[in-house]
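First comes one chain, alone, set out as structure tokens in the form predicted on its own.
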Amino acid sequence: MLTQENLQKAESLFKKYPEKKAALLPILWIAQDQEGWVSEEMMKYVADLVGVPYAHVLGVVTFYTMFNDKKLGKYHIEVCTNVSCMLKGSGKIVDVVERACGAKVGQTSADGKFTVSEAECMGACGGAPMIAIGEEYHEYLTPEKTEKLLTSLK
């Protein structure tokens, strides 16, 4: 369930759209911000709130990479592996991240500290290769810079 404060945010969003279901994306964003991820229970709650089937909400959450349907570690490390980053060595960055975090791409470390994800494109091609830690971008990485950055999080 959304907190009272977040429910009020949702209600104000409903006033901006001709139909409640049009507010689905921003309400999911509010829900994820509240919980850190979008659980099955929250998806069902949001579906009822906006008046769409649960399957529709599940489809949206699993389609958009900005939503997480699994609980993340304290640090969410996203490694861009699209063309620019790949050509500039993102494969080596992935290797360093997996080793330093103790988790493969798509996994969370045993201690729950790191979740490692692959990102298709993060729009920072000029600073390739890059990673995001949460919402903070780190560009022009080398394996050594990446190792130092991740060590600072431990």
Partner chain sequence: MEKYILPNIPNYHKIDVYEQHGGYAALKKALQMKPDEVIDEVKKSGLRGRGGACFPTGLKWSFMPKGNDKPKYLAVNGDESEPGTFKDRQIFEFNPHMMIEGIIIGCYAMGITSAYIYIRGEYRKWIKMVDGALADAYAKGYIGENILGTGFTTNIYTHCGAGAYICGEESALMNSLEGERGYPRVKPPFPAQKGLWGMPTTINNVETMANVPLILNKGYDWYSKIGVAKHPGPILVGISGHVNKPGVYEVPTGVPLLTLINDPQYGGGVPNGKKIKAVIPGGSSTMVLRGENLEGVNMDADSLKAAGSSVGTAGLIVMDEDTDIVAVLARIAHFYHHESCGQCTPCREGTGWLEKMLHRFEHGEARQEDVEMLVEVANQIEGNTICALGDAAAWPVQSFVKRFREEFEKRVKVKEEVEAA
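Note that the structure is a prediction, hence the values are computed from the model and not measured. Positions refer to the first chain, counted from 1.
Unshown form predicted together with the partner chain; subsequent notes refer to it.
Proximity to the partner chain in the predicted bound form holds for all of Val60, Cys121 and Glu139, with the criterion being a heavy atom within 4.5 Å. Although the partner is absent from this view, His56 contacts the partner chain in the predicted bound form, with a non-hydrogen atom inside 4.5 angstroms.
Proximity of Cys125 to the partner chain in the predicted bound form: non-hydrogen atoms within 4.5 Å are present. Contact between Glu144 and the partner chain in the predicted bound form is not found at the 4.5 Å heavy atom cutoff. Contact annotation: Met66 falls within 4.5 Å of the partner chain in the predicted bound form, judged by heavy atom distances. Asp33 is the sole member of Glu41, Asp111, Asp33, Asp48 with a non-hydrogen atom within 4.5 Å of the partner chain in the predicted bound form.
Within 4.5 angstroms of the partner chain in the predicted bound form, the stretch 73 to 98 places a non-hydrogen atom from each of Thr81, Asn82, Val83, Ser84, Met86, Leu87, Lys88, taken in sequence order.
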